[in-house]
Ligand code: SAH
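Starting off, we have a lone chain in the form predicted alone, written out as structure tokens.
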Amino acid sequence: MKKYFLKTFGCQMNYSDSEKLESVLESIALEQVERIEESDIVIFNTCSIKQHAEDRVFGYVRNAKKLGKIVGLTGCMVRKTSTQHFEKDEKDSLLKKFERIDFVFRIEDMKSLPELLQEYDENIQRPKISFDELDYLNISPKLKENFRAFVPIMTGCDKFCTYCIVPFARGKERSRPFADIVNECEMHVKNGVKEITLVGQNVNAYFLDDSTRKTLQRQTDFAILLDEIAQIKNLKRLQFTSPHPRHMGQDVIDVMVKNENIARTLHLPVQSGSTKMLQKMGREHNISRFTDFTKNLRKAIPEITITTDIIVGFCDETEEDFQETMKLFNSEKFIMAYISKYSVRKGTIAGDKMKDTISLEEKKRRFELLTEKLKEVLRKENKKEIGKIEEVLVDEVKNGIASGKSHRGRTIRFPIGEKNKRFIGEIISVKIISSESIWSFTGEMM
């Protein structure tokens, strides 16, 4: 039996895609292994959000080829499906500039993978099921964890933020049929899944295309879908990522209030605290819109926690612009922020048409100041959590210590005993007794 190694880079959408890819590979009787050295075929599901991400992939490719492996690429770095056997002008540009790669395929074309692999081994079996008529989003995934599932509801992006390559890598926004999404979620819950996360490049830009339903504005369509899935019996926790602030409205808040199984944590990327910078980034929202939404959200759900994404040192960001972001951290009290130093990305509007005016040293300074501000806020906020009882979905037990996320997105660790791995995938009531670090808590079972 041929063996394959699959490594995934990037966002939760990529990880969801990889679970579907594993189903395709196992349908042709390939066995997954955990180490490149043990494999015959190596596939990298790539991220192209930053140039550094692509450079990392090429490093892995070089190592795999040194070991004599057949190497393929998919994901956001790939523009079209092709192999070395195609005519030169039909090849993906990756094959033209990096001949160590044997084949590439767009993630949307994963159903063509069995045919591609047969070019390298004629003994590769035909799939046990037919993928020909399937939209790749409807391929049943091989779940990494039997209690948790990531369900794609849309793909692509129409926003064209000036720093972002995703619209060029993933194409235009495309939503799955309403019924297909609900059916997949129901299937997962029937099979024991407790937590579902809806994923998409702009997950709340979901647009109904079910002909039996009235087509409404996009933000309303997402609220309809969210409410429908939350009604599934025995679904304990429902999350979604990543939404765009432009599409977040009162209807989403109302659905969250109505359904207590929707997680009381929200990842809402703001990118900057300066409206001027948001306009330069092409974000299609301003700070007032962002803060008005979070104010209404916290009024309706006081226990909600919010996380975000931030870029520091974007083109022409002044000290005043940066200080606006610092002020936003004081007022919003994010429990986590994924802070990035802006780097030029060729192929984006900013990379091709704007000047990178902020020095690397200044970007590092702003990164460090903002990180320290986040820690300062968390030190104060974490004290308020002591004594609270949280529902924790256990995803790991190691050396007698269980850990997992609470309904409010907090990481909590607590003693559970050496031989209690049966608690993995269970929801346990835990009382927080201390802040283990800035990023996590210790607790005790109730």
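Note that this is a predicted model, so its numbers are computed, not measured. In case it trips you up, residue 1 is the first one in the sequence shown, and so on.
From this point on, the text means the form predicted in complex with ligand SAH, which you will not see here.
Heavy atom within 4.5 Å of ligand SAH in the model of the complex - the one residue of Asp309, Glu228, Asp109, Glu376 that qualifies: The option sitting close enough to the partner is Asp309.
Answer option from Lys50, Arg408, Lys65, Arg56, heavy atom within 4.5 Å of ligand SAH in the model of the complex: Result of the distance check: Lys50.
In the model of the complex, segment of 336-344, 185-193, 253-261, 100-108 with a heavy atom within 4.5 Å of ligand SAH: One stretch meets the cut-off, namely 336-344.
Residue contact check: Arg283 to ligand SAH in the model of the complex, 4.5 Å heavy atom: Yes - in the model of the complex, heavy atoms of Arg283 and ligand SAH come within 4.5 Å of each other.
4.5 Å heavy atom contact, Pro269 and ligand SAH in the model of the complex: Looking in the model of the complex, residue contacts with ligand SAH include Pro269, since a heavy atom lies within 4.5 Å.
Partner proximity in the model of the complex: Leu278 to ligand SAH, non-hydrogen atom cutoff 4.5 Å: The answer is no: Leu278 has no heavy atom within 4.5 Å of ligand SAH.
Phe178, heavy atom within 4.5 angstroms of ligand SAH in the model of the complex: Flag for Phe178 set to no.
Residues from 236-256 in contact with ligand SAH (non-hydrogen atom within 4.5 Å) in the model of the complex: Heavy-atom contacts to ligand SAH in the model of the complex: Ser242, His244.
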